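As structure tokens, one chain now follows by itself in the form predicted alone.
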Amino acid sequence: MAPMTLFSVADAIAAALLGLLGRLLPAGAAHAVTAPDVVLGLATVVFAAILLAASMLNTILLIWYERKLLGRFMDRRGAMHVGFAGLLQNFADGLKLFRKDTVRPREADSLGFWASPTAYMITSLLIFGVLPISTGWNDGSLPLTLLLALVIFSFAPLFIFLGAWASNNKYSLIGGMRSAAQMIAYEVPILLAVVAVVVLSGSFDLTTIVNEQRNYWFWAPLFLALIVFVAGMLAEMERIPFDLPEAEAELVEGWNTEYGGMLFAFFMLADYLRALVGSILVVLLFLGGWTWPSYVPSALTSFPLAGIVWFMVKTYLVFGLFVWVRAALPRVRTDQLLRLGWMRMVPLALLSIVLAAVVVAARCLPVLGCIPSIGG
């Protein structure tokens, strides 16, 4: 019996809906409606709708979660007045932005002005289609899911710079150039840190990487790679202390100065989508994904949907770390940021690859105990 996956559930829903519709139609039309290609097409739409709903719901919860955490760090309560404990504050803010007019500058490039926030949002959502959340999330048919996720993630500098240039605003253009320089500087150490994970796991498949962590999680032997990856992700997500491209105090929101209404909401929502993706990647690569070590009691890992529940708990804890960094650290200067990326992060990432190779060669960690399955 084939294992149940999220797509198989979507396929079953599509087949049931089209079968019900086929009973109400004449024989010829019913045969056309229930054809395998039609069922597959509707299953794809249902699968995409589930992914969209799950990603957007978690993104909205992340915004509320950050507001409450920042409030506690600042000795206040955060959002409280719209809905229970402020849960509906984000919906109120979204409704406000939806009702606002989007004014395009007269000399702005129309195609680039409208296309860049849309493409930024769409590519941020696309990543969720390849990230495994649990054993039943996808069928693992994509062998290079890690590489594909990083490729989609790296599209952001192009769309940010395009939106800044299309706005026909010098401040926006400066912010876009700063964003492109920052992201390129930190994509290199991120990729090198990922190479260390690939060396240790022996695969570019995220599901295989998670399965390799069933005995122990990669954060221990790859602690240096974890530090580099988290720092790089903070820079890629443009979060404090690396929020130089936005720099609302200096550049009036940087590259999105001329955007308002729903286009501004697209940029802000995509930033939190990327924060969710960054947290998920940290969990998948270094914190065991949906798995727990064998010494954890089975009662904690065998209840229904345990994999998804524990995966999301880890993801929210990682995002909580990102919020803690935001509350604790000041913004760095541009020269400090670039010097840190090129002169500190890159050598540390290269050192983490060497350490991963040593671990694979030794196949045994004296501190953690002998792990025969290291590196496949």
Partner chain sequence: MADSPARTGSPPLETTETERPSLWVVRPLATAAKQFAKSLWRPSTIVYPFERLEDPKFRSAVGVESGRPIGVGEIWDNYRGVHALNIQTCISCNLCAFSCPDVCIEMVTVPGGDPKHPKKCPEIDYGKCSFCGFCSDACPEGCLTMTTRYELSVHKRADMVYSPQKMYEVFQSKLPMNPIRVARPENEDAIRLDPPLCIGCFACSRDCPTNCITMVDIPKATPKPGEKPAKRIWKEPVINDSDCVRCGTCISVCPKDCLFWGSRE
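Positions refer to the first chain, counted from 1. Since we're looking at a predicted model, the values are computed, not measured.
The form predicted together with the partner chain exists for this protein as well; it is not shown, and the discussion that follows is about that form.
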| Could you tell me if D101 has a non-hydrogen atom within 4.5 Å of the partner chain in the predicted complex? | no
| said: So, E107 and the partner chain: in the predicted complex, are they within 4.5 Å at any heavy atom pair? | reply: no
| said: With the partner left out here, check for me: in the predicted complex, does some heavy atom of A30 sit within 4.5 Å of the partner chain? | reply: no
| said: Can you work out whether W342 and the partner chain are in contact in the predicted complex, taking contact to mean some heavy atom pair no more than 4.5 Å apart? | reply: no
| note | Answer key, the partner chain contact in the predicted complex at 4.5 Å (heavy atoms) among L69, L350, V309, I63: the residue is L69
| query | Which one of V346, L51, V325, L42 is close to the partner chain in the predicted complex, taking close to mean a heavy atom within 4.5 Å? | reply | V325
| Which one of these stretches, 261 to 269, 71 to 79, 194 to 202, 112 to 120, sits within 4.5 Å of the partner chain in the predicted complex when only heavy atoms are counted? | 71 to 79
